[in-house]
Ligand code: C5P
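In structure tokens, the next block holds one chain alone, the form predicted on its own.
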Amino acid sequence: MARRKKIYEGKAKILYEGPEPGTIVQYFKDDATAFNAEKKAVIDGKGVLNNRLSEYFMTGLNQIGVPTHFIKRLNMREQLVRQVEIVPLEVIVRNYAAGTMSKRLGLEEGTQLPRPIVEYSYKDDSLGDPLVSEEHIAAFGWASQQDMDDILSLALRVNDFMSGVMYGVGIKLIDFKIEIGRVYDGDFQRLIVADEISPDSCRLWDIETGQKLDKDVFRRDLGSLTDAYTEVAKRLGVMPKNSTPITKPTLIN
């Protein structure tokens, strides 16, 4: 498929004009970033793995009636998605304490939470994606109260699906973040899951050993990120169990 005009380039993906109005081609890069892009590397094969894994999760969500922007995978690094207006929030669902929640609240990493906790951060890299409350969201008009009700429902449905899928292959879903997009059918607006769902946007721990199988491997220098993502893909049947990953990272200064 011929490439069209580049619309946007982010830390992990490039968006191109799609073949038809209302569509976008989403290209997955091998770039890895952490700590608001202070740490960077190019990790061979990461984009291929995230493309396949995001396809797997988005397809599963579509099949159970959770609407997403995903249409189809085009090749090893690209997928066709529906063009959406992104709500300027990252929606974070936490099942266990980890990362910034552990630091903020003094909770030991891995502590099971009484129930899934949904948090929101304002999407702005220059501000470090600060946590915001529903009061902020309403006051600044980022989303209406009806939107927030729908976003909460979508987030918890994604959590139910992802938790079950991961548990079935011996992985604990610690937390994850998603983005939500608005689509319009005439005058009618719907909210759907957008961006990606991959080990870049989830914390995944092996149930038996606690081994991290997500981007914390890169953040904390715990080994090969590609090996970790490949393990997730193999367990889910996205990749053959006898496949060998390319594991050599290239650091970016």
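These figures come from a predicted structure and were not determined experimentally. The first residue of the shown sequence is 1; numbering continues from there.
Keep in mind the form predicted in complex with the named molecule is missing from the figure; the text below concerns it.
**Report entry** Non-hydrogen atom contact D129 with the named molecule in the predicted bound form at 4.5 angstroms
**Finding:** Output for D129 is yes: heavy atoms within 4.5 Å of the named molecule.
Query raised in the report: Though only this chain appears here, would S163 touch the named molecule in the predicted bound form if you measure heavy atom gaps against 4.5 Å?
Result: Contact with the named molecule, no.
**Report entry** 4.5 Å heavy atom contact, G99 and the named molecule in the predicted bound form
**Finding:** Close contact exists here: in the predicted bound form, G99 approaches the named molecule to within 4.5 Å, heavy atoms only.
Query raised in the report: Can T226 be called a contact residue for the named molecule in the predicted bound form at 4.5 Å between heavy atoms?
Result: Looking in the predicted bound form, residue contacts with the named molecule do not include T226, since no heavy atom lies within 4.5 Å.
Report task. Scan M148, I92, V81, L89 and let me know which has any heavy atom within 4.5 Å of the named molecule in the predicted bound form. Result -> That would be I92.
Query raised in the report: If contact means any heavy atom within 4.5 Å, which of 132 to 140, 152 to 160, 176 to 184, 69 to 77 contacts the named molecule in the predicted bound form?
Result: Heavy atoms within 4.5 Å of the named molecule in the predicted bound form occur in 176 to 184.
Query raised in the report: Across 200 to 220, which residues bring a heavy atom to within 4.5 Å of the named molecule in the predicted bound form?
Result: D200, S201, C202, R203, R219, in sequence order.
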